[in-house]
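Form predicted alone, single chain, as structure tokens, below.
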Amino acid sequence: MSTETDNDAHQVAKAANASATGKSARKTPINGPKLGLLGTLRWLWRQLTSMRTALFLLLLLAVAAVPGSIFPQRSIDAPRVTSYLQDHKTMGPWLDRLSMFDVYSAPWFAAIYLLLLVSIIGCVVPRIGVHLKALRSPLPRVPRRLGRLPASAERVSAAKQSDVVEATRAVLRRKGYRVRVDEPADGSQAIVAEGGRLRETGNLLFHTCLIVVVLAVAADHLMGWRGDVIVPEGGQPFVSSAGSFNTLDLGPWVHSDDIKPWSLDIKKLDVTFERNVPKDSPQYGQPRDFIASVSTQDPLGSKPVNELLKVNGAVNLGGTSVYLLGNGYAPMVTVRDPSGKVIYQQATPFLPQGNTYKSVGAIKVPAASPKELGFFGMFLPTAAFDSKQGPISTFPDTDRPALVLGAYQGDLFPDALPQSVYTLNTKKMTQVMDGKQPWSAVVYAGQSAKLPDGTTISLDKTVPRWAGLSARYDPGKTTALLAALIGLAGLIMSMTLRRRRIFVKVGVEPDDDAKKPSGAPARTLITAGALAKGEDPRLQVALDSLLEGVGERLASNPKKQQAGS
């Protein structure tokens, strides 16, 4: 009994020792080779240039662009950014520190953009070298057992081997395959064909064009500029310069002196509205056409050129494309002080608010004394008054133009910050009162209204229009368009072409006395196989179509006949 106990104790101790040895072995660290600085940099480069990283950066760039559509951007609407900061005194400064109002110029956005560009270039350029080497590589040999390939088929023909080989080569070349004919030692003939090599070419072309598009967009951002301006009809010609635009957004590499001088004079702005339908029709009053007759000088001092500026037809001046974005009314307003002196006289643009061109705006008279004067209100092309809606316009054309105004006195520009020409900042202003009621007036064309202090405001009978012009200099626009079209063609190639290799053996059919009549001539055995790079569900269909095409070509010659298997 003691012997068995000793044996059991020995086995337990042995197992415990083995377990301890295993644990000790597992705890022993594995000393692999160290990457070192060069190896670490190579590993980081491979991670950055992988397709997975490129897709992640592309998604990250899309997410990073979202704040640009949520928060107002300084490059588009600086007054709105100023108003946002004034309304959100706690959160606004933090958002400004994070560049939420300059998203597309923010360092973090530029970092993502540059990483994406480097990732795509590092991914595409090596593949171009590999693909060029593959295009020059010779076709492989014919496998011994074609039946083991993913797609295979056999046919028997009464035609000669040379005729079958010639027909097969002709059909393959017609389908765009690269063909080579071999003659093995066993007396048969073998055909190797490869097609769809342009699939990878199209894929690389698409990614290369994507790089070009990214670079072109970057060139537009860095070296391009955009300026918007409102030009009244029949007024002074607009001359391009940094100070003449209402809003100007220059690229980081653009200086104000880089804007080439040219002039544009709007002689007449023709706007056509629909009148030939019932008034209760939704089409009544809808705009039908906007055409501006302009006179341009490029460069300044050259002979004026008469051109037509349309909504979808830009005018090119000094490499700058000038677009007609919008239009409205700029009623000619005259303000006189109590002594009759003219202190304001100019066409003042009002901003349309609907299809009937009911427009809002502000008339700012800084020359008024002792306090600056500002009018606010609306312009009605065809004025009418509704019991529920109040002042309205029943038609967008100037059938009965009128101004509906109120007034404020005080400091027009309290914070010395940019503000919209269509709004009045009343932060440090008081409303003009007529007794105990706020002063208001309706001024029809050719009439005037008087304020309590004797100041008068009048509206001329003729109401000129204004045109909203946008001048854009995009140095990469044409390049981006061409790259996008070529990239689209490459994408179609990569999605429609299939990379396939087809192998065909043409030899004499083996003797089979049970099937072959005595004295019958030997027939030709066609054995074919095919494989594809990646999944190709139509590989067998393509192989069968090839053999059917060979059979039809042989049958089309009366001297050659084909027999089914």
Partner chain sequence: MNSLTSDLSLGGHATNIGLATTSNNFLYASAVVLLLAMLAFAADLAGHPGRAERAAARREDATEQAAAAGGDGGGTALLERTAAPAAEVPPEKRQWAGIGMSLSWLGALLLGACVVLRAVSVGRPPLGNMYEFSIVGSFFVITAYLIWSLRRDVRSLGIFVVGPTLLTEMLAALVFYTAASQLMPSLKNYWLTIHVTVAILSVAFFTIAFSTTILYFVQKWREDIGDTKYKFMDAVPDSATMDRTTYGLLIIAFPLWTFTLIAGAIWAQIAWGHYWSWDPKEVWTLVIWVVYAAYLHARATAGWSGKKAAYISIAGFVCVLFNFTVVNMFIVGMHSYSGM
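Note that the structure is a prediction, hence the values are computed from the model and not measured. For clarity, a rigid core is taken as the largest C-alpha set superposing within 1.5 Å between two forms. Numbering follows the first chain given and starts at 1.
This protein has a second form, the form predicted in complex with the partner chain, left out of what is shown; the following refers to that one.
Peer 1: Residue 154: heavy atom within 4.5 Å of the partner chain in the predicted complex?
Peer 2: Yes - in the predicted complex, heavy atoms of residue 154 and the partner chain come within 4.5 Å of each other.
Peer 1: Contact with the partner chain in the predicted complex for residue 525, defined as at least one heavy atom pair within 4.5 Å: yes or no?
Peer 2: Residue-level check for residue 525: yes, a contact with the partner chain.
Peer 1: Would you check, heavy atoms only and a 4.5 Å threshold, whether residue 477 touches the partner chain in the predicted complex?
Peer 2: Yes.
Peer 1: Just checking whether residue 290 would be counted as a contact of the partner chain in the predicted complex - the rule being heavy atoms within 4.5 angstroms.
Peer 2: Heavy-atom contact with the partner chain at 4.5 Å: present for residue 290.
Peer 1: To test your reading of this chain, name the stretch in 334 to 342, 454 to 462, 299 to 307, 155 to 163 whose heavy atoms come within 4.5 Å of the partner chain in the predicted complex.
Peer 2: Partner-contacting stretch among the options: 155 to 163.
Peer 1: Could you work out which of 495, 433, 111, 132 is the residue within 4.5 angstroms of the partner chain in the predicted complex, going by heavy atoms?
Peer 2: Contact check passes for 495.
Peer 1: I need to confirm a contact call. Of 244, 447, 440, 286, which residue comes within 4.5 Å of the partner chain in the predicted complex, counting heavy atoms only?
Peer 2: The option sitting close enough to the partner is 286.
Peer 1: Going by the partner chain in the predicted complex, which residues of 483 to 510 come within 4.5 Å of it through any heavy atom?
Peer 2: Those in contact are 484, 485, 488, 491, 492, 495, 498.
Peer 1: Aligned on the rigid core, do the two forms place the Cα of residue 235 2 Å or more apart, comparing between the shown form and the other one?
Peer 2: False for residue 235: its C-alpha shift is below 2 Å.
Peer 1: After the core is matched up, is the C-alpha of residue 355 off by 2 Å or more between the shown form and the other one?
Peer 2: After core superposition, the displacement of the residue 355 C-alpha between the shown form and the other one reaches the 2 Å mark, so yes.
Peer 1: My question is whether residue 475 is one of the residues whose C-alpha shifts by 2 Å or more between the shown form and the other one, given a fit on the rigid core.
Peer 2: No, because once the rigid core is superposed, the C-alpha of residue 475 moves less than 2 Å between the shown form and the other one.
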